[in-house]
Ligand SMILES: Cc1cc2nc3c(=O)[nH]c(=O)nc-3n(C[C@H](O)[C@H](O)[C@H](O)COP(=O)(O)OP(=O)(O)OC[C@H]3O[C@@H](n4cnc5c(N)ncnc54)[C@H](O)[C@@H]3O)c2cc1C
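One chain comes next, on its own, written as structure tokens: the form predicted alone.
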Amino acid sequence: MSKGTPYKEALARFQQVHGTAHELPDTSVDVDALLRDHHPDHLGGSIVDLEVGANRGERCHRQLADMLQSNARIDEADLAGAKTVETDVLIIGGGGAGCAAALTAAKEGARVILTTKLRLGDSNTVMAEGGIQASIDKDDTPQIHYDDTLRGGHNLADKDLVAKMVLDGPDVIRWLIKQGMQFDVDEFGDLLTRRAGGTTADRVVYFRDYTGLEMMRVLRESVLNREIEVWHYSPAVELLSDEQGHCAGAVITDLKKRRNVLVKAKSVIMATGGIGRMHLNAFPTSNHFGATGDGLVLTYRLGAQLRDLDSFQYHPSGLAYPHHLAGTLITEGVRSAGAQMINAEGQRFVDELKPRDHVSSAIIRECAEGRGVDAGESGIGIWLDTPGLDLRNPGIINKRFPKLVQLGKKSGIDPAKTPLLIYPTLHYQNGGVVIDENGQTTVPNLYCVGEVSGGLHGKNRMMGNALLEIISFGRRAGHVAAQSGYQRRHNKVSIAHLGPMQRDLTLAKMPMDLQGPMLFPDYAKFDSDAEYEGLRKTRNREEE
């Protein structure tokens, strides 16, 4: 990467032009060429063909392929004497999708266990800041929402899934309000909306710049107040199968007590989120600590079909400076409100509300061609002109973006006075497990909802569709999973499906010493991290 202008020199140059109009230059560009030349999905050597499994021969990011083709963490000996429990619906994942599924299944009368690797609510849902899309304005329709979503995903999304999601939009908002969720409203009490990059209508409803956090607050309270059994610090390490090869439960590891538990379930809903903590292509990430792709690994090992494994979203506005906060998300809502992006030469270079893959590629191009800001150890980036936004709209940052203000305090920067240095951050997996309109995978009795599933976003997701998806499909899967189990009994369960997978790995001469799922990034330090006090000493015992 070319060196850019040193931070202090670039900041002085920025301040010289602060307050002047930054006209958008002619930004007509061959988008396909821009993505091919600069988007991280196209980095040389990053894509390989899978050698085993249901997607054998298909393209996949190299780091993800390693984990999909890894060996299991357990074998039959680890299950000897393990406690067995039974439930109707087992939900793996404690974010928004898992909670929506749990609430719906419980309302249908199903016995529900929700197990989560960390604590209920530790998820990418709380990281979602911008808002949730739903066509509720008089000038908007589900058809326009549908067209925007398909176009934003380069017309590669599953049209049936998109249709279900956009039609669910208005009812999802009503359901969330009934759960107690707050949204920003105008003086008449009507929901405020803003525009997402790549859309043609103001459609994103929001609560300040922490919409996902507010959503998770009400979902968490609702789950804890229902007859739903919640297991904390209890990741799934393998799925269970019956004699027909159907999904029949999961092996759960209690991290505090260091023991495995077999959960026999008539239906399993996987809601484990994304893979940001794999740090594809060495990018920082906006994802939460547990986003290590566990659901993809476990469902693939049981035979589920996946899709779009070579497509990931790098959010344009990840914080690039200071270094210890690199990758932290700054909501697209700031750009939607009018914040511009300025390179080290004091120039705009892209329409800030183009689709995310377009904007991220333009930022990477500016830096690669020497027009970035060089922050030394922190790397390189371009300016997000928050002072200009506040100058044109006095007080808007303090009023509408309190989370941004807090991030500024952590950084030692007042965003109303000093621009923030940003660079794309690994944010979302566009693909995932193939599902139908109710989240059913290609493996009977196994459902996937939220970021672990694929098909809804094509090759690029738009702001606000992820929060809509998790509620829309979480409720759909919860309903069908509960209904489908009424007439079925629990079957004999095992991990026999590991045998054929291990044979295929051996025949393909794949390494057998790499185990998956990853569960935590290798830099996890539970003994010194107060956020995860419940896991202290566990790590030490594992290393003994």
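The first residue of the sequence shown is number 1, and the count goes up from there. Keep in mind the model is a prediction, meaning the values are calculated, not measured.
What follows is about the form predicted together with the named molecule, which we do not show.
Taking the pose of the named molecule in the model of the complex and superimposing the nearby C-alphas onto this chain, the site is blocked, with at least three ligand atoms within 2.4 Å of backbone or C-beta atoms. The partner is absent here, but in the model of the complex a heavy atom of Ser234, alone among Ser234, Thr441, Gln340, Ser241, sits within 4.5 Å of the named molecule. Proximity to the named molecule in the model of the complex, taken as a non-hydrogen atom within 4.5 angstroms, holds for one residue of Cys367, Ala320, Ala466, Met165, which is Ala466.
Taking the partner from the other structure, the named molecule in the model of the complex has no heavy atom within 4.5 Å of any heavy atom of Ala101. When contacts are judged by a 4.5 Å heavy atom cut-off, His427 counts as touching the named molecule in the model of the complex. Shown alone here, Gly96 lies within 4.5 Å of the named molecule in the model of the complex, counting heavy atoms only.
At the 4.5 Å threshold, heavy atoms of Lys117 reach the named molecule in the model of the complex.
Heavy atoms within 4.5 Å of the named molecule in the model of the complex are found in one stretch of 374-382, 140-148, 165-173, 467-475, which is 467-475. Of the residues in 327-342, only Leu329 comes within 4.5 Å of the named molecule in the model of the complex through at least one heavy atom.
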